[in-house]
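Here's a solo chain for you in structure tokens, the form predicted on its own.
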């Protein structure tokens, strides 16, 4: 294809990527280097028959003038990233110098807002992603082996969690695990403990959120793998059966290698989605025990009266860096496989 033709062909895609991906990311990076203007305080003195009294109030007009002159706020450079609300470099040094054991060091780091959110985000991603991959493939293989009469209804039932809006689905599970819900009441009856609650501890809360993440995301991997199974060539499978290969050997040496491009695709999508976990935390009101990087962004932007745009921008940039870091091994492996097939 001539270069001129190719450029005209990709021009709409490049334009959309620049307008809706590149420019917003650049704007977020610029915003993260600024902090909000300090509020202008005015002290007034009012006197009466019984003496004078000083009152301090925020001068809204002066504050609005500052915001109009410099909408981005005050330039703060990398201090937002290095400060206590994010990477907390100074706090890390102090904790490392004053703690005697690594466990104490981790305990102090966990008390910092950013690292507490990062801990749950990483655990959620590390647990949900492999479970969804393996269970999705297993369900796809099981449904593919069913008779055609029941295969259609089975596919529909398997897709139901994915059809439910994330916020609604997490709210439903939240009500079910409540003390008055069917799951919460059943557990209280089984353990004979009326005070038992899945929302009472960090561990149980994390487990509930992870369970919801697996339940809601599983249909995505299932339907992708099920579609991929329809493209598996029959000749190698028949030859393997004639040679006496077991079902496990066929799966390992024929089906899974054939589905590896889909495995890479599903892994990439799951990593990006799970690292941005947000809806379950809000629906479960779980911020007392579990927060994520996306929840920090939401919390900064809803700060009453003075949204922390710079802090939210810094967390957004760190989230993007975290997603890229997680995707790199999969992308490198995919690129190597692609080059190997070309050779």
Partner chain sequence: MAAGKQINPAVLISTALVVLWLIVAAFPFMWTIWGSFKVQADFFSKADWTNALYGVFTAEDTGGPFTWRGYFGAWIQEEFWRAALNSFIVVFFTVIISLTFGTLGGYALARSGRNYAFWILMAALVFRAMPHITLVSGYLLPFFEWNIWGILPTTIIVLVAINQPFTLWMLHSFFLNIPKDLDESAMVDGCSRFEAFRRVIIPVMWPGVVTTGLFSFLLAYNDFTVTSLLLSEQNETMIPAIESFLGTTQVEGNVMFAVAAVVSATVPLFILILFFQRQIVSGLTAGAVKG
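Residue numbers count along the first chain shown, from 1. Values in this document were obtained by computation on a predicted structure and should not be read as measured data. Between two forms, the rigid core is the largest collection of C-alphas that superpose within 1.5 Å.
The form predicted together with the partner chain exists for this protein as well; it is not shown, and the discussion that follows is about that form.
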| property | result |
| --- | --- |
| Which of 176-184, 77-85, 113-121, 97-105 lines the interface with the partner chain in the predicted complex (heavy atom within 4.5 Å) | 176-184 |
| The partner chain contact at residue 203 in the predicted complex, heavy atom, 4.5 Å | no |
| Heavy atom of residue 242 within 4.5 Å of the partner chain in the predicted complex | no |
| Partner contact for residue 46 in the predicted complex: the partner chain, 4.5 angstroms, heavy atom | no |
| 4.5 angstroms heavy atom contact with the partner chain in the predicted complex for residue 329 | no |
| Answer option from 139, 210, 255, 109, heavy atom within 4.5 Å of the partner chain in the predicted complex | 139 |
| Partner-contacting position among 127, 237, 89, 164 - heavy atom within 4.5 Å of the partner chain in the predicted complex | 164 |
| All of 14, 157 and 224 within 4.5 Å of the partner chain in the predicted complex, heavy atom check | yes |
| Any residue of 249-279 that, in the predicted complex, places a heavy atom within 4.5 Å of the partner chain | 262, 265, 269, 272, 273, 276, 278, 279 |
| Rigid core fit then residue 27 CA moved by 2 Å or more between this form and the one not shown | yes |
